[in-house]
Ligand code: AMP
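Let's start with one chain on its own, the form predicted alone, as structure tokens.
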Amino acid sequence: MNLPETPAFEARVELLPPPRRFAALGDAYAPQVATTPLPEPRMLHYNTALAEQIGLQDDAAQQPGLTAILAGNRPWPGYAPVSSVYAGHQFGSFVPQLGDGRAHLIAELSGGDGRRWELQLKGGGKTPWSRFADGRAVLRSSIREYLASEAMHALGIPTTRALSLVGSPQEVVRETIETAAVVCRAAPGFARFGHFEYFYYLDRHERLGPLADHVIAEHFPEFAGRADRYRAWLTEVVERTARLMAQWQAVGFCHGVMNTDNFSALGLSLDYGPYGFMDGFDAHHICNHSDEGGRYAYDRQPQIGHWNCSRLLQATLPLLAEQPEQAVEIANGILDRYPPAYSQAMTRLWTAKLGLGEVRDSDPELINRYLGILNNGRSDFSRSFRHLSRLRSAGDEPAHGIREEIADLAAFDAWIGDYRARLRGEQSDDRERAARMDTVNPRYVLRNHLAQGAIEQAQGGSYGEIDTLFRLLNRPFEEQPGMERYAEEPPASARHIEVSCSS
């Protein structure tokens, strides 16, 4: 395909050829792979705030040179794109070779604040790891990833980010014929558990050290050069992963495909496919209808995070000690850090959601009783916690707002009595507590029916709802006048929406 020349784009920082840090590891890790040009690319949305952090002009979306790059039609100046190879445990079964089947790393940058960024196009065309796929992403799934990445960031949850969403009229065949799109993902790095699994199970253990040293030097420099750097890094990753699982649980986020190749060696939320924020609370909610056995159900996410960390540690045993028995002992000691890290984070998050100023031994029982009441009635998860901040600790005034969403009112009223007593016991100030609770219990989350509404409008040629949701979800804890309908439960007509691995 012959494309016309497009002008270059400008950056706030001096535009020098980007360094090749991950790409410099070489072809064994990530060979050079050209992107496939996207016909008639159009910038559907551009994240100006993130662009500013990275060092791009905030009006760069109007520059055709950048649109061409973010569509995969031109390389970043001075950087040849690469796609990496990795393995992974998918739904518990090991797959020896996966890789970036539709992703290209197009630049490694230092932002204006000195932070390092990798830019990766998802949907940029075939790679050596595409197998029989076309390497494209569809508009539907691209909108979901673009919005979810930034929504999670605004919730304070470590995640990859999204810089741009580019669409095209090019047809792509999935269950039906859809149109193509490309998301530019941004993160400090995209190293996955599966990168280490690939070289471990391939018996190319000599490749583990350079990869780990790269991750440590770039993202954990405080450990670089130490004799125990691998142990220190893995301990940090295990604890970060434990805390990340707690953060997912606290907002009712379900990932859907918690395979080891979808877990970040930096402790980030990675890969937004069949995810979902729970509406009605169901402890065993399965957001991915492809997950027939419920392996990645909501209540199993902490356990799966722990298991995935064990797979990472297995894959890095050669780095921990020369003697296998000693390496296993060290790895088990690292893995033992996961349960307390998760428990401490989860206790802190649940008590904060209930507005408790201090942690007491009786709190887990109080929290679990409340969750049980929500679960039994499938009460709306986000709304139930948000409304709880309006409760007065004194007197016996009904808990307006939340009480209307509860099925077992007798159990709820008994719990409210104990909750009020707990608040009075620490002399909680209602106004201060409400303000504190509203900073951890979001008013707005990316419910499936909201994402679906934006998708359907975009498929019809209207992209305004993408921007509306993007702006709304960047301030998830604030009351936003005129946006009340976005905090409501999904209408009955939208409760049939399902997501799968094709999402």
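Fair warning: this is a prediction, and the values are worked out from it, not measured in the lab. Numbers for residues come from their place in the sequence shown, where the first is 1.
The same protein also has a form predicted in complex with the ligand, omitted here; what follows describes it.
Taking Asp291, Arg295 and Asn375 as a possible spot, do all three reach the ligand in the predicted bound form with a heavy atom inside 4.5 Å?
Zero of three within 4.5 Å in the predicted bound form.
I'd like to know if Arg360 sits close to the ligand in the predicted bound form, meaning any non-hydrogen atom pair within 4.5 angstroms.
No, Arg360 is distant from the partner.
Answer with yes or no whether Arg390 is in contact with the ligand in the predicted bound form, where contact means some heavy atom within 4.5 Å.
No, Arg390 is distant from the partner.
Against the ligand in the predicted bound form, would Glu150 count as a contact residue? Criterion: heavy atoms within 4.5 Å.
Glu150 lies outside the contact set for the ligand.
Please tell me whether any heavy atom belonging to Gly72 falls inside 4.5 Å of a heavy atom of the ligand, as the geometry stands in the predicted bound form.
Looking in the predicted bound form, residue contacts with the ligand do not include Gly72, since no heavy atom lies within 4.5 Å.
For the interface check, one of 129-137, 318-326, 338-346, 111-119 should have non-hydrogen atoms within 4.5 Å of the ligand in the predicted bound form; which one?
Among the listed stretches, the partner-contacting one is 129-137.
Can you pick out, from Arg311, Arg161, Arg420, Arg102, the residue that has a heavy atom within 4.5 Å of the ligand in the predicted bound form?
For this set of options, the contacting one is Arg102.
Taking the ligand in the predicted bound form as the reference, which of Ser141, Thr351, Asn262, Gln247 has a non-hydrogen atom within 4.5 Å?
For this set of options, the contacting one is Asn262.
Quick one: which residues from 263-290 get a non-hydrogen atom within 4.5 Å of the ligand in the predicted bound form?
If the 4.5 Å heavy-atom criterion is applied to the ligand in the predicted bound form, 263-290 yields only Asp271.
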